[in-house]
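Structure 1 and structure 2, given next as structure tokens, are two forms of the same protein chain, each shown alone.
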Structure 1
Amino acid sequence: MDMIWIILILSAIGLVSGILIFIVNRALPKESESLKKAQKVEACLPGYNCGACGYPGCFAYAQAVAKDKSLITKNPCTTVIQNEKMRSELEEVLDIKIDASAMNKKAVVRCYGVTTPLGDYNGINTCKAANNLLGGFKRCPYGCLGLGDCAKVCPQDAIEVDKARNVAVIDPDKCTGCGLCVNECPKNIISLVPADATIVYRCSYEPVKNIPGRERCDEGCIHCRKCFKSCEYDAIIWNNEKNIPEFDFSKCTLCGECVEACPHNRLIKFSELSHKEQQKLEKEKVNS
């Protein structure tokens, strides 16, 4: 009965391929010990491969951390640090304690975005391309171009371009301070600030040949120094050549006097910066 023969020979192929896989699986070195540990560490990493930690992807960062534990504090993955669950898992795997308070940073766009465009721009749809074209199409050379380069790079999708004011807005709840948007923005107007104790000066205009901000933006800073005068704890230092306020957060008590004093809404408490409050604030200003 040659049928039996055929069945045997063909299933012999199955046997051979099974044995080949088995040999390849046994012959090669078992997954090295450090590789297993790296995989355990990688399990609690976010897996965005955003590269903010400087490593090509989470797996490479996990291997580095598996080798030497102190890396997690020296060059932290900010997403992990700020996410309660991930941090506790990582602490368990590496059995070290990570104090998150010192590293809680958030990104902020230092531009109010009211500056009017000089014309409509039909070039390539990225901020970098627009910026190479004589510094962009906005009246204020420091103004946010609103084409969303930062939004594209943000692994948390925390950045959104506010169509009304044509400026990028960062939602502090989602932002984990990885800093990718900071070096993505061609105008360098996004900066990392400590999340809790800050007042944000939402304009990065530096007067050129002392033309006041006002020329470049309807609600630009008119350098009236009211914020400087209104602060009793002298937490604000006036920078004379740049003619803009600078903050010393050790003295600042977040009383909010300067926020009220500024006629053009340039100053805002960071805590009120979250997207929803901001919209609420705008509405109050409009109908007040």
Structure 2
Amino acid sequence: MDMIWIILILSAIGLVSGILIFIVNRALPKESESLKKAQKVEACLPGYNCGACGYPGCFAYAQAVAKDKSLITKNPCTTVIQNEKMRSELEEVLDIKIDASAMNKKAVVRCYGVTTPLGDYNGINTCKAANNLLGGFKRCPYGCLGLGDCAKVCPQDAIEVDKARNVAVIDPDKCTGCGLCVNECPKNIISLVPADATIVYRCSYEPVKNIPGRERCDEGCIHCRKCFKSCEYDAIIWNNEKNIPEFDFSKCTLCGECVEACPHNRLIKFSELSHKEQQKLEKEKVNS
């Protein structure tokens, strides 16, 4: 008899629980369509939560994109832009076509790194801290400080510091152009260039902004305009305000004339920017 009562009580509890679950399920608001879409968008994102898109994380970005598709071009996730699979999945979810060629960027360090130090630096081991102390400890006021702030924020491990030249080197094969390093550099010598760029100018010295007690390194750009004069395709524009060369990559044929014309080798082919290629070039230079 006791067993029957136990079975009846358990059955009653189960029935009441089922009814309560049914009522609560009907009473609670349904998951919004925007939230469902945000979840689908998030599934197409890399999940790094790096903040390069301007949002605190991938889900926050997904929520914003779910509400406004135009954010894909205004605040693109560069990892998605360069990943064909992720991009196609996102295009399908949002029912749009993404022009990756217009948004695909790579970061470059506009410094060769041979500027000499003015003295020993024993402060906090960050570029920002060193830069706050009289603008850094390098002879060139635009020289890379080589303490690796940019490398620490890179989600792709695309940046390393070349200890021989004491300069940050970005591997274009790994870089997704997120721009975190650009914002992190206190010297403002890291720039985003089109991923299909052909030539990189590796100097940031602007003679129009001379600083007393500082000067460019011995191998810095001397602003002779030889690269500008050597280009037969009008791919190099001389910025008179900064007195430095700028490039129209749509016109560049990669003939190499500007690279050969530069007396201090401040121009390099984009394909030779990786640390591995740099070491190879330096070794060849020493052997020759």
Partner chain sequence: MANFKNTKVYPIIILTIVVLVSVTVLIFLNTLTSPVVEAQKRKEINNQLQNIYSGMTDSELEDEIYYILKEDETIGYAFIAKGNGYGGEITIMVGLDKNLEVKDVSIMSHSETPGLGSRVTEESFTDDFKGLKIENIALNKNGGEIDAISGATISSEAVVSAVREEMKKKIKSIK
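Since this is a predicted model, take the numbers as computed values, not measurements. For the two forms, the rigid core is made up of the largest set of C-alpha atoms that agree within 1.5 Å on superposition. For residue numbers, the reference is structure 1: its sequence is counted from 1.
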item: Form predicted in complex with the partner chain - which displayed structure it is; value: 1
item: Rigid core superposition, residue 258 Cα moves 2 angstroms or more between structures 1 and 2; value: no
item: Core-aligned C-alpha movement of residue 247 between structures 1 and 2, 2 Å or more; value: yes
item: Residue 92 C-alpha moves between structures 1 and 2 by 2 Å or more, core aligned; value: yes
item: Distance moved by the residue 68 C-alpha between structures 1 and 2 (core-aligned, Å); value: 2.8
